[in-house]
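In the form predicted on its own, a lone chain appears below as structure tokens.
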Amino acid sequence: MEAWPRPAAPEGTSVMALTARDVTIHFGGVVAVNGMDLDVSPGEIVGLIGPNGAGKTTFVNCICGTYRPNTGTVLWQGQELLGLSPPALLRLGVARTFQNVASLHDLSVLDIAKLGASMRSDRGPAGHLLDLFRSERAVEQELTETVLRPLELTDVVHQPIQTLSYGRRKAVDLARALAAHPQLLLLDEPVAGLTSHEGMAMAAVIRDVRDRLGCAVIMVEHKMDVVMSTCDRIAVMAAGSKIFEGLAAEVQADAEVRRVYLGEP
């Protein structure tokens, strides 16, 4: 698997951590997320695990603007994210993937990567002006080499996404997010439904993304082998609340986590 070159940070920017505090959202009488706190440093991969219905995806959806929580604050690069639209978040360098990948009709793999690249946050006005003078072929070649090749998608660049296997559609969704050169990458079950080989290959790409782009990553995932081998730190949710946070070995050893998540007495 080949890797892409690490882009230079935009001039005049500073890198800051994500800070979420007291994020709470309820739907009617059901509290889906309750007082959730989470910090993520630049270049850190934080896993978010827990049983089904724990509130993991809902919490990510609050960060991404899909939901507006009842209380709480989420700061990224010193700016409040809550209440911003997904396009506004992309302009701040926040990109995400989804549990369920839409077919996007007849768009090709390359078209979807180009869609992601159009939302790059690290290109100032001069950069976007320069892009106007680049040939379409040059843009496509760059995306193929820097985004699609590491995800092993070069053999299907012109195929419609709806013709691909589920695992490859998941890879295309990640390619879309990576093409935006995110500073904060939110992954919602990126290896769900993939074979063991596909899952570990995707995990290797995620680690390479962190190493080369220097972005912060929050990864919601159920496959514990991927979580344990990929994440620097793990937060555990149950019934909408965070019940534990620590290193992989600490999470595995905690009795409450094992009871809630693994069903042990």
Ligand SMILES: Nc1ncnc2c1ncn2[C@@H]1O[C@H](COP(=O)(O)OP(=O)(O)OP(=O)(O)O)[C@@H](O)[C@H]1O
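Note that residue numbering follows the sequence shown and begins at 1. Remember, predicted model here, so these are calculated numbers, not experimental data.
Beyond what is shown, the protein has a form predicted together with the ligand; the following relates to that form.
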- Residue stretch of 211 to 219, 55 to 63, 39 to 47, 195 to 203 approaching the ligand in the predicted complex, non-hydrogen atom distance within 4.5 Å: 55 to 63
- Evaluate Q99 for contact with the ligand in the predicted complex, applying a 4.5 angstroms cut-off between non-hydrogen atoms, and reply yes or no. yes
- Message: in the predicted complex, is there a heavy atom of the ligand that lies within 4.5 Å of any heavy atom of E189, even though the partner is absent here?
- Response: yes
- Exercise: V236 in contact with the ligand in the predicted complex, heavy atom 4.5 Å: no
- Message: At 4.5 Å between heavy atoms, is G35 in contact with the ligand in the predicted complex?
- Response: no
- Query: Does each of G116, V157 and Y166 have at least one heavy atom within 4.5 Å of the ligand in the predicted complex?
  - Reply: no
- Heavy atom contacts to the ligand in the predicted complex at 4.5 Å, residues of 20 to 39 in sequence order: F27, V30, A32
